[in-house]
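Here's a solo chain for you in structure tokens, the form predicted on its own.
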Amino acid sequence: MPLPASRVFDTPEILVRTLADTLLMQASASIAQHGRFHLVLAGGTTPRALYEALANRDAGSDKWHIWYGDERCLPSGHPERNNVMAETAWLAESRIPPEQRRPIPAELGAEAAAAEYAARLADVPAFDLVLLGLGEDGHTASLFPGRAWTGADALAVHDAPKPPPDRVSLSADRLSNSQAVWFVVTGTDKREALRRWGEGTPLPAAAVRGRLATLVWMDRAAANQG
């Protein structure tokens, strides 16, 4: 599938500020519509900056529900886990109740954690917003080229190209079961993946589409515009 609609910003800093403000508007609209906001978080450097911006805006309330697109199979509390990064940057000081911040229990191992997270998601309606990154190889979450992208809501991932080899990822189908999907892409090292995506190469990222909207947020470096 071709590259979705995109928004290009001069710098990552401007992107993050606009993204944070737009995310808050999305949350308000979802809460007004059906009384809650189910948000799926991504890992990475730019998402961390986004979470810090959300913390500065005092984002979150008891209407927010936090999920994760993927997680590394590392011990609970390990600094390289996505949920630890998000908690440190934003969630720990937010007004979102702890029981509504749902990390993937990746410390259990890939298979057990995937099964448990899929069970938690079984009765959860469509997400309101999914945040995703894009790898240099076109992967997103922990859905890598040449591996399964579909199946259960949560998948056990082994032999990931980057350490640690074992991970858990929401499937492309479950990530697509969202009103909106936003990819956040910065840096010159993402240009090739964006080019291949735009040419219709069947990358994992191309398999994820929001029900109502899919948008790529990128800086000029990623967009090859200077």
Ligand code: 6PG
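Residues carry their position along the shown sequence, with the first being 1. All of these numbers come straight from a predicted model, not from anything done at the bench.
Only in words, not in the display: the form predicted in complex with the named molecule, which the text now covers.
- Taking the partner from elsewhere, T46 is found to have a heavy atom lying within 4.5 Å of the named molecule in the predicted complex.
- The named molecule is not drawn, but in the predicted complex it has no heavy atom within 4.5 Å of N83.
- Within this chain, G133 lines the site of the named molecule in the predicted complex, having a heavy atom no more than 4.5 Å away.
- With a 4.5 Å cutoff on heavy atoms, H38 does not count as touching the named molecule in the predicted complex; it lies far away.
- Residue K162 is the only one of H34, H158, K162, R195 with a heavy atom lying within 4.5 Å of the named molecule in the predicted complex.
- Of the candidate stretches 97-105, 111-119, 145-153, 68-76, only 68-76 has residues whose heavy atoms lie within 4.5 Å of the named molecule in the predicted complex.
- Along 164-202, residues R167, K190 each place a heavy atom within 4.5 Å of the named molecule in the predicted complex.
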